[in-house]
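Okay, so here's just one chain, in structure tokens, the form predicted on its own.
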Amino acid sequence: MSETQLEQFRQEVRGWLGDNIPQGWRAAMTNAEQPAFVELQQAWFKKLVEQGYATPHWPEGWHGGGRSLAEQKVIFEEVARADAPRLILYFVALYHAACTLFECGSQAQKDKYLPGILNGEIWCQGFSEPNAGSDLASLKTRAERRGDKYIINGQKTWSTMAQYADRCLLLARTDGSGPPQAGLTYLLLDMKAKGVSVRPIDQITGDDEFAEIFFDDVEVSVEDRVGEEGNGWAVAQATLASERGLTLVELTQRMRGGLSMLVETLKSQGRLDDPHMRQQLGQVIPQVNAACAVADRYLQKRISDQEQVGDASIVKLYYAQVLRELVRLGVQSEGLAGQYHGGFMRGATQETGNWALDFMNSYNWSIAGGSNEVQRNIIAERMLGMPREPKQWQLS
């Protein structure tokens, strides 16, 4: 696509967004109850899917898919520029589930589940556990093979939007005799199945975005296993790579949009001419632009099939660091008033302009997609070839 064609596409996206973004959604979603949030998300998702803007990262042949890197960037940039609601309710479905199925799923699984995603099915991720945290090799949830079914028993936690999910990407242990990573199996679980119960988690921000999931003799057909039994660790890397890398192309563009919000806050507080604040703003802006460039580079490598182990970890790690700096400056710019509770906004990104809550929320990305410590280990050991972390290391 030429520069002229790309600019025409940008104007097309901009015009469509201008006509279709839910008016006044930020005010409507501040202190909103969950049913109102779900209704807005469903309506916005339907519009984006119909226009083909919800799935630009999907392969060619699927509705909305096959967009070039340049076109995907245009969509993400314009969505951020227009301050559109983020599709939080469908985040796992559009990225984690879809990318896992495209990379590791059978043709039958793609035919069965991907149309459902386009029709609005909600997915959640069942990886983290109370006693395993981000260390997936330590998870305890069991999947016992009985004939053509697996019987699931155990508990997951920190599962985004699990209380609304139709299906779950489940990582469970089928063998505990060998190395921890070798005994994991990846399953697609029906959240409406008998024996599944969900309990939302009340967070410090006032949100209940996350939930616990409990499995009590839940049956999953062998046909819904992704990859071979015991190969779940490798399949899970495809899921996590999408979270660490692909989704962050969108989030870094939205973070760039948050810069203008930060500048407006500085103006409203009369601090834009404060030399100290200007110095900090001057440090944050290139960091945000660098995060966008790192995410773009990752997407380019992924599209050209040149992705390397550790690439997605770099994107995730740097985004988490820069986001923290951005929202910290937001809190500082408002002084004491910035510490007051100003209401929680649903459906926004990590930078809502309610800087105190944004600052607390920024800690999510120290853990999401694998903790920052795990990402540093991946980069050091698997990318740079440095010695592995001693397993018995501890403070004396």
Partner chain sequence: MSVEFQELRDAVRQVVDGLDKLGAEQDYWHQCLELGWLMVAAPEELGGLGMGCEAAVAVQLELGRGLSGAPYLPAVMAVSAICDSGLDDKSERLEKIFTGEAITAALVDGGLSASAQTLSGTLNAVLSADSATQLLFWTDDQSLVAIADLSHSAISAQGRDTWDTTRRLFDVELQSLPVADVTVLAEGRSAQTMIKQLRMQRDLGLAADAVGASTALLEMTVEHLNTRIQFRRPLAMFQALKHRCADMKTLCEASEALLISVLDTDSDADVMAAKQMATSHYATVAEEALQLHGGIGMAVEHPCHLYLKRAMLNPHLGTSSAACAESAVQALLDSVA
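Model, not experiment: these values are computed from the prediction. Residue numbers count along the first chain shown, from 1. The term rigid core refers to the maximal set of C-alpha atoms that superpose within 1.5 Å between the two forms.
Just so you know, the form predicted together with its partner chain exists too; it's not on screen, but the next bit is about it.
Highlighted residues V13, A28 and K47: none comes within 4.5 Å of its partner chain in the predicted bound form, counting any heavy atom. Proximity of L281 to its partner chain in the predicted bound form falls within the 4.5 Å heavy atom cutoff. Although the partner is absent from this view, E7 stays clear of its partner chain in the predicted bound form, with no non-hydrogen atom inside 4.5 angstroms. When contacts are judged by a 4.5 Å heavy atom cut-off, R297 counts as touching its partner chain in the predicted bound form. Interface residue remark: L317 is counted as part of the site for its partner chain in the predicted bound form, having a heavy atom within 4.5 Å. Contact annotation: of the candidates I303, A193, A234, A293, the single residue with a non-hydrogen atom within 4.5 angstroms of its partner chain in the predicted bound form is A293. A heavy atom within 4.5 Å of its partner chain in the predicted bound form is found for exactly one of S106, Q203, S197, S260: S260. Note that among 176-184, 284-292, 220-228, 121-129, the stretch whose heavy atoms approach its partner chain to within 4.5 Å in the predicted bound form is 284-292. Residues of 357-383 placing a heavy atom within 4.5 Å of its partner chain in the predicted bound form, in sequence order: E373, R376, N377, I379, A380, E381, M383. Core-superposed comparison between the shown form and the other one: the Cα of S371 travels 2 Å or more. Relative to the superposed core, P275 undergoes a Cα shift of 2 Å or more between the shown form and the other one. In this overlay on the rigid core, K140 has a C-alpha that sits less than 2 Å away from its partner position between the shown form and the other one.
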